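As structure tokens, one chain now follows by itself in the form predicted alone.
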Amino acid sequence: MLLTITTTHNPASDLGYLLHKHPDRFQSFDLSFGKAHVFYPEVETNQCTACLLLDVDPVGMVRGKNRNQNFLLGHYVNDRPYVASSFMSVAISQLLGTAMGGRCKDRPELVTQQIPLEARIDVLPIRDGKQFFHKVFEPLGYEVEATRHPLDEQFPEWGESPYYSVTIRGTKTLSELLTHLYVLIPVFDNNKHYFVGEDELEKLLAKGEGWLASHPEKEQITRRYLKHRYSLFRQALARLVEEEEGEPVEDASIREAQEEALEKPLSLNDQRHQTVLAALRGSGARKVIDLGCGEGKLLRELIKDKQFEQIVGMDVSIRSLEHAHKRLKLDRMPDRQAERLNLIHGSLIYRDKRFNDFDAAAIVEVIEHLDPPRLASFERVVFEFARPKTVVLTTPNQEYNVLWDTLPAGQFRHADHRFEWTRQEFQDWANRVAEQHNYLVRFLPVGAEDENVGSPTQMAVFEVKQ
């Protein structure tokens, strides 16, 4: 299979510096699955083209460790030597890794310069058709072309094949182009020739930094890149959600401090936790999960109460979980206590089997951080799939904000809040969710109530109908 990269940047011969491959040389490299060749068919002032040609050894493939074939003769009858696949990604990484990493010793100013680039692949297997190719590359700012090949030109009645000659064009740094190709080529093929484990998840997140979290097809890309391994897919999606919606830990700490400073005169944080604890105790729960546990303030109270035999704290932010680990002093906690507590990384908008089989779930000051369109996913994850017997949920009362002189009119208590509900809005939402998922719900105030605007925090306790 053949990958060509062309630029019309002036001087176009700068491509040789960026690729770290001299235009005057034909270079060959031994790889574990065959040979790779790098050469330049044209080097002009106004246009330069570099080629990466792979010569995959089919006999070596059979002798290798990969045994993931769909039928008995799959080791011998397959398209691996003839199409761009994970073999091409490995070749890009091994032969053009310095360029992909954005390093150029001789001309360092070039690596950050966006230049007109065109990449052509002959041929690429696109298992889901041409439209998927457009959906993947166009959001990244590329113009795309894809020409489909027939199964056999002599027998047109056999129909079209899943094989395309494709071209993408854009003004990018070479590092960006190579990174996109490295990640996405195996996504179209929907297969990999090697084992996919935790290290592959880290590669995806590293190479996808800055673009994958906001990509409209991120779920398809992630699932296929990780070879449909559900546990890795779930972890990756949770971390991508954190990247897309999160803020730097320093900024988050400042925001939290501002909200705490606002509520501190009322001791609202303590009152909130004590009210939630009372509801959890009253439910008779033995196994409790804190969904959105943050830095572990509620977990610290739960672990003190022997009623709770199993306690899990979940958060989308790894940094918050690290802070919780330190706050709770898990390393120094007595073994008997430590066995009761577990911290897990996850997201409230993706179904997760680890959320199942709990007597009660606490969701304290969390939902207001979700974008409203994601609430439907949250509802299904908690009330349909996890379905704890009791759900204790708190959120700010927007009406109470007028009583804080230091909070400008119309501003939320926390810069990361996506919304804050009035009492009626909260009750309308909670009643609908309860009715839809066969729960009963009751409402309790948290903090001192004002005659006109109610309490600063509002709480709903959902209980499964018997």
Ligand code: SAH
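Position 1 is the first residue in the sequence shown; the rest follow in order. In this text the structure is predicted, and so the values were computed from the model without any measurement.
In what follows, reference is made to the form predicted together with the ligand, a form of this protein that is not presented.
Among Lys227, Lys203, Lys135, His369, the residue placing a heavy atom within 4.5 Å of the ligand in the model of the complex is His369. A heavy atom within 4.5 Å of the ligand in the model of the complex is found for exactly one of Arg340, His273, Lys287, Arg148: His273.
Of the stretches 383-391, 92-100, 217-225, 313-321, only 313-321 has residues with a heavy atom within 4.5 Å of the ligand in the model of the complex. Mapping the unseen interface onto this chain, Leu328 falls outside it, with no heavy atom inside 4.5 Å of the ligand in the model of the complex. Contact annotation: Gly294 falls within 4.5 Å of the ligand in the model of the complex, judged by heavy atom distances. The ligand is not shown here, but in the model of the complex it comes within 4.5 Å of a heavy atom of Ser347.
When contacts are judged by a 4.5 Å heavy atom cut-off, Val364 counts as touching the ligand in the model of the complex.
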